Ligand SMILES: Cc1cc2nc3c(=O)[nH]c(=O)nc-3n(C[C@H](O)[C@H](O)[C@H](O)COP(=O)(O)OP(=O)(O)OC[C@H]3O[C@@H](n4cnc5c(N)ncnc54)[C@H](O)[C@@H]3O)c2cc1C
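What follows is a single chain, given as structure tokens, in the form predicted on its own.
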């Protein structure tokens, strides 16, 4: 293989696949895409309901754990991240949610011109093929299929009715003029199949002669000259170490954990930390790995008195129907319904709590199978104040970094978690659930006072898989990347993934990461605008 490429993309996740598509559209531009994991051959990746099985396939998952969390009974929390073509978009629940429009205006106010809502909306639209048709807020003809669920469990409709009985509005489109309310999620699916970034952006262009994709490529380090010019990458594949060179740029798309880790392995990061790990310091950048944010989630589980959940499905029957016709329960994303609501505790009137309803019992990421039938309501605060960091342990790239999530370090975050439990119970106790409601499994009907609920939160809270922020974008000198996503202090290197987010968005993170990569492609190619669309529709702050 020729060792020279115009662009080398590290990580074939949501951002990497998007960039590979857009940059290789020029036949004179040679692009190398490197992924540590295997190809996305596993049939459970493509069958939406197969996500419940993916937790058992460690070959496509980084299987990270945090360090012991002081505010969560010193538990080490499980952090699954995709290690396969498509990255986490190949193993997630496919919910398409962009966050609140003001989240992006916040990014702009934090020193990132060009990242406000009116700036990023064209890229959301360009990426999308909205099954409902084109509008001011939605696009058609893009690679990423966004559709309504083909199959909905009756309990998901009951959940939405219960939310209305609790006084919350019904919302048909969480990415419409208003985010607030309850409804069914739209999903990244095409014809009942998962539309991961690999399926959307990579598969249609794999035959381009100027695009080379290499899986099972374990990154070792970036190749950096003494003057700070990033020349390429070094990786190990099938026992052989290879060095590849980029004529233009290296694009780091490895995610909020692996992108800072690779920078540190290459001698770029907090100097004292690098020295402790036995790594020569090329550039002291104390902010790399800091600013880690994640959505912490708490689940309320209730026994169901009727056998209508997904707990007791005939898996053979479901599988046959799906693989023969792409219909039935196999097309469900499991987390079918949800909502965005205002707790009353936050600083403004944006929705600050998100819910995902699952018509099945889900404990410990599905790894703890509970007997019988039931339903689960996830709830998470959307804008946590606590901040963590990533710490490299060793110069060995096979050694996972230490994840210091620091959940609930800020007292406000605990108050928000208590509000999540209260609001979850409020919805689940509505009359709509009466024909189906058994006893509450978690937290349990005996937990009603503040002390008991805090004990429950510390024992059971888990991630809902949205880590961001560890290579923060900004105009200040302490930011890791500038608003063009170029790494400060180096040349020829950009970071393009969730790690560049200054703050968490109020929703799921997959769609925003694809947006970031779409915009980054234009920045790299020197374009100023993706397409001409009306500015975002004016609406209430909801």
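Note that the coordinates shown come from a computational prediction; the quantities given were computed from them, not determined experimentally. Residue numbers count along the first chain shown, from 1.
Beyond the structure shown, there is the form predicted in complex with the named molecule, which is absent from this document and is the topic of what follows.
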property	result
Heavy atom of residue 80 within 4.5 Å of the named molecule in the model of the complex	yes
Heavy atom of residue 93 within 4.5 Å of the named molecule in the model of the complex	yes
Distance check, residue 62 to the named molecule in the model of the complex, heavy atom within 4.5 Å	yes
Touches the named molecule in the model of the complex: residue 456 (any heavy atom, 4.5 Å)	no
Answer range among 217-225, 158-166, 375-383, 400-408 for contact with the named molecule, defined in the model of the complex as heavy atoms within 4.5 Å	217-225
The unique member of 416, 254, 274, 251 whose heavy atoms fall within 4.5 Å of the named molecule in the model of the complex	254
12, 86 and 262 all contacting the named molecule in the model of the complex, non-hydrogen atom within 4.5 Å	yes
Stretch 498-517 - residues with a heavy atom within 4.5 Å of the named molecule in the model of the complex	498, 508, 509, 510, 511, 513
